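Below sits a lone chain in structure tokens, taken as the form predicted on its own.
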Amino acid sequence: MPARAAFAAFLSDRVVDARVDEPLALHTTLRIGGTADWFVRPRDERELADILRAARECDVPWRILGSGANILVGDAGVCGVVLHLGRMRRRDGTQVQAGYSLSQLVKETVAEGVSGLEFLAGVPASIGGAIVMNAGGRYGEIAQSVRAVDVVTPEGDVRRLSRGEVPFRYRSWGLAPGHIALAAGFQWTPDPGTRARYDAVLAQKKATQPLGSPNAGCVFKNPPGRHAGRLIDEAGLKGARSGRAHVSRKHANFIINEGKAIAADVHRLIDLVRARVNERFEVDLELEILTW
């Protein structure tokens, strides 16, 4: 039996929650992207491990998807299997699975009067995605509240890594490709000022970021000592458009899908922004979003 047919048979035999040729635009905050050969939602860590093992044995490439933020999926889609961890969303006190909503967790901890995540108000991520990208902004990064991370290693082993074993850096958790975040343990501190800080951060983001429009978050990383959005603005690119996508007039480091934009539109804007900022400021902007 051909390898891909064997993988399809595995999914069918195990009654895995799997969809064929699933449009990934339905699962990304930018609302852009072609189809995945298989879109699979594991029930738990054991089923995830079994699916990964079968994919490796059948030579089927795989990718992990959380909330779909910070990702630009190509118009051609994804060859292989996209593993969506949305069913793995259990919380047990300070231990939280990868599929849990970050915004939900932030609201819960604020309501519980503990400090540690309130500065992430308005960030549309899953816990797994936030850990892998070390989500954050001007007020801090998620790494500062992490106590431990449960991972699947590239060899297929499940391990709990202490905070010191995860080499977090700017917009990355620093682990080698092939690692998968399963859950995170957090350290929070009781603080009566948490609600006020949360409200202030959320109000600031609503005033300065296009939170209500389809986007993938900040497109570019901030260069050392600079702000990507400010450079793009000063290069005169607010409102620049390609097809049905444009650079946000509210915050220049966001690209907005006006409706029915395609990935090629966004890639053209990315190329334009990089070229213009480099020409004007001799700065090479590095992508923060992931491109599939």
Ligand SMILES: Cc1cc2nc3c(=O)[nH]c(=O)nc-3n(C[C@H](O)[C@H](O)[C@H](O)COP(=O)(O)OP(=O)(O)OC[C@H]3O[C@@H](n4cnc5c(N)ncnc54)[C@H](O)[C@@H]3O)c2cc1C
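This one's a predicted model, so the numbers in the text were calculated from it and none came from an experiment. Counting begins at 1, following the sequence as shown.
The next section is about a form of this same protein that is not shown, the form predicted together with the named molecule.
Undergrad: Considering 106, 216, 146, 81, which brings a non-hydrogen atom within 4.5 Å of the named molecule in the predicted bound form?
TA: Of the candidates 106, 216, 146, 81, 216 is the one lying within 4.5 Å of the named molecule in the predicted bound form.
Undergrad: Would you kindly say which of 117, 73, 96, 85 lies with a heavy atom within 4.5 Å of the named molecule in the predicted bound form?
TA: Contact check passes for 85.
Undergrad: Just one of 134-142, 161-169, 185-193, 109-117 has heavy atoms within 4.5 Å of the named molecule in the predicted bound form; which?
TA: Contact-bearing stretch, as computed: 134-142.
Undergrad: Please determine whether residue 77 contacts the named molecule in the predicted bound form, using a 4.5 Å cut-off between heavy atoms.
TA: Contact check for residue 77: no, nothing within 4.5 Å of the named molecule in the predicted bound form.
Undergrad: Residue-level contact is defined here as any heavy atom of the residue lying within 4.5 Å of the named molecule in the predicted bound form; does residue 209 satisfy this criterion?
TA: Yes, contact at 4.5 Å.
Undergrad: Does the named molecule get within 4.5 angstroms of any non-hydrogen atom of residue 5 in the predicted bound form?
TA: Answer no; every heavy atom of residue 5 is more than 4.5 Å from the named molecule in the predicted bound form.
Undergrad: Does residue 60 reach the named molecule in the predicted bound form, with heavy atoms at most 4.5 Å apart?
TA: No, residue 60 stays farther than 4.5 Å from the named molecule in the predicted bound form.
Undergrad: Using a 4.5 Å heavy atom cutoff, which residues in 106-125 contact the named molecule in the predicted bound form? It's fine if the answer is none.
TA: The stretch 106-125, when checked against the named molecule in the predicted bound form, contributes 122, 123, 124, 125 at the 4.5 Å heavy-atom cut-off.
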